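First structure 1, then structure 2: two forms of the same chain, each alone, as C-alpha cells.
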Structure 1
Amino acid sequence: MEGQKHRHKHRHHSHGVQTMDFYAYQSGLRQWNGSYKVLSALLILILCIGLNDIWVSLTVIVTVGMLNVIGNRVPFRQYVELMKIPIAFLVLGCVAIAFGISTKPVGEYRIYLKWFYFYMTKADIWKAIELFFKALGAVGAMYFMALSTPVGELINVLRKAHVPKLIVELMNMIYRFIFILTDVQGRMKRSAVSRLGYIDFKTSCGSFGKIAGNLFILSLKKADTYYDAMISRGYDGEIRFLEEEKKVTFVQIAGMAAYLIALVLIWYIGR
C-alpha cells in the first residue's frame, strides 16, 4: 500500500500539469466554494492589470504566492518550478519591448553593431519592468485558481456562468486527454533514452521526430478508445459532475473585499 501511494505521488510530480491537478485536490482551500475562488482570482487579475501600478503588481505577486504556498500547500520549490515557464516567456517579451533597433545613435543606452544600433531608453526599460511584474501578478492569480479548484468544479462554475456547452465539453475532454498523451510521451521518451536515443544532438532530433510522429498516431487511437468508453457509459453529449454544496462564509467575503480595497488604496497612494 505504501509503495502504491509513493508511485501515485511520484506520477503526479513527474509532469507540471499533473502536479497542478494533484495540488488542486489536496489544497487546504479545497472546501471553499468554487465560484468564490474563480471570481476572486478574476477580480485580482482585473485589478492587477487594470490599475497598472508596479506596487500593486508586487503586492499581488507576494500575497498570492504566499496563499499558493501556504493555503494550497504547494512546496515553495515546486511553486518556483511552476513559475519558471511563464517567467521565461515574460523575460523574452520584455526584452523585445526594452530594446530597439536604429541606424542612428539614439536612446540613453546603445550598442553599435557595425550596421545598426541596439538601443534602450529609460522609458522603455521602465515600461518593460512594469509589464513584467503586472503579467507575473496575473499569472499568480490564475495559479491561485488552478491550484485550488479541481477541473470538475471549474466546469460546474463555467456552466453556472452560461458558457456554451460545446466549449465546456471540449475543455474537459482536452484537459483529460492531456494526461493520457503526457503519460504516453513519457514512456516513449524513457524507452528512447534507454536505447541511447538522446546521446547527441543529431540523434536527439531524430528521436524527437519519431516520438512526435508516433504520438500523433497513438493520439488518434486513444481518442477513438476514449470516445467508445464514454459511449459505453451512457454519454449523450453532456458530461455531468457531482457537485458538493459549499457555502461562502461572511469571513471569506469580507477578507476578499478588504484585500481588493487594499490594492486600490496602494494604487491611489502611489499615484
Structure 2
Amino acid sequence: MEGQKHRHKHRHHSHGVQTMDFYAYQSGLRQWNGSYKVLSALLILILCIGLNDIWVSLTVIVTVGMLNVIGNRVPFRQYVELMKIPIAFLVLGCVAIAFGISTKPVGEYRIYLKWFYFYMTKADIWKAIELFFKALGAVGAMYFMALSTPVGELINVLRKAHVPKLIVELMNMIYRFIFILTDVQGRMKRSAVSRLGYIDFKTSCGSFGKIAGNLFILSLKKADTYYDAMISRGYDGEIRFLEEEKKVTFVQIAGMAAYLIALVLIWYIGR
C-alpha cells in the first residue's frame, strides 16, 4: 500500500504512457466483465454522439465523470488533467466552427479586415458550443473504458469479437514492447540530460534524434532476442493467455440499460 501511495504521488500530473495504464489496473471496476465494460462504453459513446443533444452531453460528462472518479478510483484532480489532454484540439476546432471568413458582410457579428470579413452567426456559435460538450462527453465515455479495462483484457475482447489472430497477437506484443522501449528511452534521456544533452533547442534536437536512432537499433536487437526466448519456451505461432472468468450480473445489465434509456429519455424530452 505504501509503495502504491508513493507511486501514485509520483505519477500525479504526468501524462506519460504509464498514467492511464496504471489507473486501469487499480480500478474498482476491475472485476467487472471486460466485454460488458467495452460494450457499455461504446453504447454510451454512440448515444452521446448520435443523439447530439447538449443535455445528453452534459449528463454524460457528469455521470461518467462520477463513474470514473468513484468507480475507477481516479483522483478528481488527475481526472481533470486527463480531460485537459484533448483541450487544445477542442478549443481550436470549435473556434474554427464558430468563426467564418467571407468577402460579403454576412452573419450576426462581424469585423471587417480590409479584404474579407470575420463573421459569426448565432447558429454557428451554438453548434460550436454543442460540439464542445458532446466531444467532452465522448472523451469521458472513452475514459470509462480505458480507465477500467487493462489493455490485455481489451485485446481479449477483440479476440472474442473475431479480430484476426495475427492482429491480436501483434497487439499483445506491441503493448508489452511499448513499455520496454519507453523504459529504455527514459534511461537514455536521463543520461543525456545529465550530460547537458538538452541544454538548448539545437542540442535537444540532436540528442532526441540520436536517442531515437539508438532506440531503433536496440529494438531490432531485442526483437531478435525475444523471438529466440519465445522459441525456446515452445512458441508455435500462437501465444495463449489465461484469463479470469468474470461473470456479468443481472444488476449490471439492468443498470446499464436503465442508464441508456434515461439518456434517450433526456433527448426525447429536450427535443
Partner chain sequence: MTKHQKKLIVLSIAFAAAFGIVPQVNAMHIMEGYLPLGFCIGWGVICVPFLLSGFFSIQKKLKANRKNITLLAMAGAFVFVISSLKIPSVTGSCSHMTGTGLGAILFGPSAVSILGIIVLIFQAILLAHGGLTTLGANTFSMAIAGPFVSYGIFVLLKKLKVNRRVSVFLAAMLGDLFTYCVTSVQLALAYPSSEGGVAASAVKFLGIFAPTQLPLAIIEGFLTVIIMITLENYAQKELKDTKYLEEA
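All residue numbers here follow the sequence of structure 1, with the first residue given the number 1. Here, rigid core means the biggest group of C-alpha atoms that superpose within 1.5 Å across both forms. Keep in mind the model is a prediction, meaning the values are calculated, not measured.
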With both forms of the chain shown on their own, indicate which is the form predicted alone. 1
Rigid core aligned, does the Cα position of K122 differ by 2 Å or more between structure 1 and structure 2? no
Once everything's superposed on the core, is G50 shifted 2 Å or more at the Cα between structure 1 and structure 2? no
Aligning on the rigid core, do we see the C-alpha of T225 shift 2 angstroms or more between structure 1 and structure 2? yes
Between structure 1 and structure 2, how far the Cα of T182 shifts once the core is aligned, in Å: 3.9
I199: CA movement between structure 1 and structure 2 [superposed on rigid core, Å]: 6.0
